[in-house]
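Next comes just one chain, in structure tokens: the form predicted on its own.
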Amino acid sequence: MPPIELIPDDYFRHFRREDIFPDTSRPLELDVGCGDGTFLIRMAQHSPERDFLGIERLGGRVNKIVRDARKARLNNVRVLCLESAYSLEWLLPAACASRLHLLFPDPWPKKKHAARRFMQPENLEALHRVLVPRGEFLFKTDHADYFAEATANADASPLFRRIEWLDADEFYPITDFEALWLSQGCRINSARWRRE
């Protein structure tokens, strides 16, 4: 079984597509800020014909994903322990992913911290860079203010065009955070864009 954790030999060199998975003909999906890997693992189990790369900066979470992927004997999962912005802006190859999932990122709810939110124009450029033409960007949050700001930024960008959310019958598992917020009666907001 190939290694699950993707450890760059040089953090200052762009990855090539084959550095992530050797078969570059298979679609690649990115789970940005993948947390404990609940979504990542379930997607990989459901779609063995696709490859999945999770990006997570916390080592304990990455270790859990590695254990879970090995236990499930998944050959279509890799995880990168690194900051999401750096990975998208620099490390990952351009036009490598057919889909990118940004699910329940830290909303930085205090007004003075709002500039730290991931859905800023410079990060939208990085998302655009790694997606293939007509690739999809899917976003979910329970935080209404963050959702309003994020969708305003993405909708105003010429890099993306908003499209309808997924059909109700399409497989899209909930994350660990989504399960928590749903159990507390929170409303989940979702949006989907296509790369222009």
Ligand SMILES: C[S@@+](CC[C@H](N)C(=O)[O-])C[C@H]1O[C@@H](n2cnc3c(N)ncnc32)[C@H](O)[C@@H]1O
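Keep in mind the model is a prediction, meaning the values are calculated, not measured. Sequential numbering from 1, following the sequence displayed.
Omitted here: the form predicted in complex with the named molecule. The next part is about that form.
Sort through Arg50, Arg61, His143, Arg42 and report the residue having a heavy atom within 4.5 Å of the named molecule in the predicted bound form. So the residue touching the named molecule in the predicted bound form, by this definition, is Arg61.
Between Cys34, Ala69, Ala154, Leu28, only one gets a heavy atom within 4.5 angstroms of the named molecule in the predicted bound form; which residue is that? By the 4.5 Å criterion, the partner-contacting residue is Cys34.
Taking the shortest heavy atom distance, is Leu82 within 4.5 Å of the named molecule in the predicted bound form? Residue-level check for Leu82: yes, a contact with the named molecule.
Look up in the predicted bound form whether Asp106 has a non-hydrogen atom within 4.5 angstroms of the named molecule, and give yes or no. Heavy-atom contact with the named molecule at 4.5 Å: present for Asp106.
4.5 Å heavy atom contact, Phe15 and the named molecule in the predicted bound form: Contact with the named molecule, no.
Using the partner position in the predicted bound form, report whether Phe177 sits within 4.5 Å of the named molecule, counting heavy atoms only. Yes, Phe177 is a contact residue.
Within 4.5 angstroms, counting heavy atoms, which one of the listed stretches 50-58, 145-153, 162-170, 125-133 is next to the named molecule in the predicted bound form? Partner-contacting stretch among the options: 50-58.
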